[in-house]
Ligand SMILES: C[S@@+](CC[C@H](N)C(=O)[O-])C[C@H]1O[C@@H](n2cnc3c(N)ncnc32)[C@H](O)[C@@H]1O
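A lone chain, given as structure tokens: the form predicted on its own.
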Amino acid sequence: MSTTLDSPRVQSILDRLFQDADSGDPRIIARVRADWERRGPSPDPEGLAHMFADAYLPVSREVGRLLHLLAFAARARTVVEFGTSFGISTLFLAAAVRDGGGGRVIGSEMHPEKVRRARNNLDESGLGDLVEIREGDALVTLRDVEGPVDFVLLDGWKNLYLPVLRTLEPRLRRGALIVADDLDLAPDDLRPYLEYVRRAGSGYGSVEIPLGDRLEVSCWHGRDGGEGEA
């Protein structure tokens, strides 16, 4: 049985977006790195969003297919994504929600133009009705997400993975999956997050997957006292 992900309409858009990312991102990343060498990295999320305004920074196709597989297998009905960009990973997640019988994907993105273009890409794919993209600081825009949350993708600024997870944690369903992308890219920024989800008694089971820039896939089991067990 074919999936929404494999439909010609969705694959055509993904092909175009991946091609655009492959042709444009290396030049943008090189320019940003050169600027950082001169002036140092910007600690300001809005400044970073501006510097990477035209960069896709996508998950790989293999990671996207894994996201689709995991979200579908979990029968995820409420998916939260930190770091939507132009909507590549969102397409994989929305296709999984469609294949699972429906639900919603709540995305978050700082840059207004990226929000606009991501919405256009999702509408073009026929999946826009499943997706809400919240513009602005994710620590604010995701604060009032209604649970239970079944699946979380963390793919924004790495130093915010842990604060975003803690924001969502009270609304995680027991058994919810959390995927953190890009372990290779900023190990110092990710250290607090990884120590948190890997710690005994954290309420999570967690495993690293050597795919793409490496992923951490965690499952929320809950803690004694019921915290976060929506």
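Don't overthink the numbering: it's just position in the shown sequence, from 1. Every value quoted in this text rests on a predicted model; they were computed, and no experiment measured them.
What comes next is about the form predicted in complex with the named molecule, which is not displayed.
Participant: Tell me, please, which stretch of 96-104, 122-130, 70-78, 155-163 lies within 4.5 angstroms of the named molecule in the model of the complex when heavy atoms are compared?
Facilitator: Careful reading of the contacts points to 155-163.
Participant: Can you check whether residue 57 is within 4.5 Å of the named molecule in the model of the complex, heavy atom basis?
Facilitator: Contact check for residue 57: yes, within 4.5 Å of the named molecule in the model of the complex.
Participant: Please tell me whether any heavy atom belonging to residue 148 falls inside 4.5 Å of a heavy atom of the named molecule, as the geometry stands in the model of the complex.
Facilitator: It does not: once the named molecule is placed as it appears in the model of the complex, residue 148 has no heavy atom within 4.5 Å of it.
Participant: Classify residue 49 as contacting or not contacting the named molecule in the model of the complex by the rule of any non-hydrogen atom within 4.5 angstroms, answering yes or no.
Facilitator: Taking the distances in the model of the complex, the answer for residue 49 is yes, it comes within 4.5 Å of the named molecule.
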